[in-house]
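Just the one chain here, the form predicted on its own, laid out as structure tokens.
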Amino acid sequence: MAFAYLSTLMGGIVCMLLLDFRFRLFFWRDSASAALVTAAGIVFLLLWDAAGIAAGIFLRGSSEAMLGIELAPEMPLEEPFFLVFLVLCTMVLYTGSVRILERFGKERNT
């Protein structure tokens, strides 16, 4: 049960990458730019987490679904995986929405 949250996050990451592969939205469209955007997003969100932890706003909850390993005080091992999933999900949704809107605009103009 301790791996439930981490394995769910990893499953979500795999699903986002499969969607990306199928529609060539982010990593399979321009891998260098996607890697840069993903790294920048993760670094920004980790700094945001650190600021929230330092301010006492973000606290680590306890759950049987988590491993209980902390990378730093109040920073569970699962957090970087969640941030990767969050960035991937955001970029797949964004690039997919742009593609849909572009296709809709082309159909209206023809």
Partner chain sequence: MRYALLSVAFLAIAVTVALILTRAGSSLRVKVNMPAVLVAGTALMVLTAVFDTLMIALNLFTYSDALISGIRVGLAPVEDFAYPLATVILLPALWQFMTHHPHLKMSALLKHALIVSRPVSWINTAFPFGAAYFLATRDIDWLLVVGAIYYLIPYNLAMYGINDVFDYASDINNPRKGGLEGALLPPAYHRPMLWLCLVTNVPFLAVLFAAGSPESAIALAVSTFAVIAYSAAGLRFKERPFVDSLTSSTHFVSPAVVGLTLAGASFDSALLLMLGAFFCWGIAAHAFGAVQDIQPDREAGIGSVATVIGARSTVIFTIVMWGTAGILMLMTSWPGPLVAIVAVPYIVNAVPYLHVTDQDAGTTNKAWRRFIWLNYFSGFLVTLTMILWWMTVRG
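Keep in mind the model is a prediction, meaning the values are calculated, not measured. Residue numbers count along the first chain shown, from 1.
A second form of this protein, the form predicted in complex with its partner chain, is not displayed here; the remarks below concern that form.
- When contacts are judged by a 4.5 Å heavy atom cut-off, Leu18 does not count as touching its partner chain in the predicted complex.
- Though the partner is left out of this view, Val43 does reach within 4.5 Å of its partner chain in the predicted complex, counting heavy atoms only.
- The closest heavy atom approach of Gly68 to its partner chain in the predicted complex falls outside 4.5 Å.
- Under a 4.5 angstroms non-hydrogen atom cutoff, its partner chain in the predicted complex lacks Met10 among its neighbouring residues.
- Heavy atoms of every residue among Tyr5, Arg29 and Tyr94 are located within 4.5 Å of its partner chain in the predicted complex.
- Contact residues in stretch 16-54 (any heavy atom within 4.5 Å of its partner chain, taken in the predicted complex) are Leu25, Phe26, Arg29, Asp30, Ala32, Ser33, Ala34, Leu36, Val37, Ala40, Gly41, Val43, Phe44, Leu45, Leu47, Trp48, Asp49, Ala51, Gly52.
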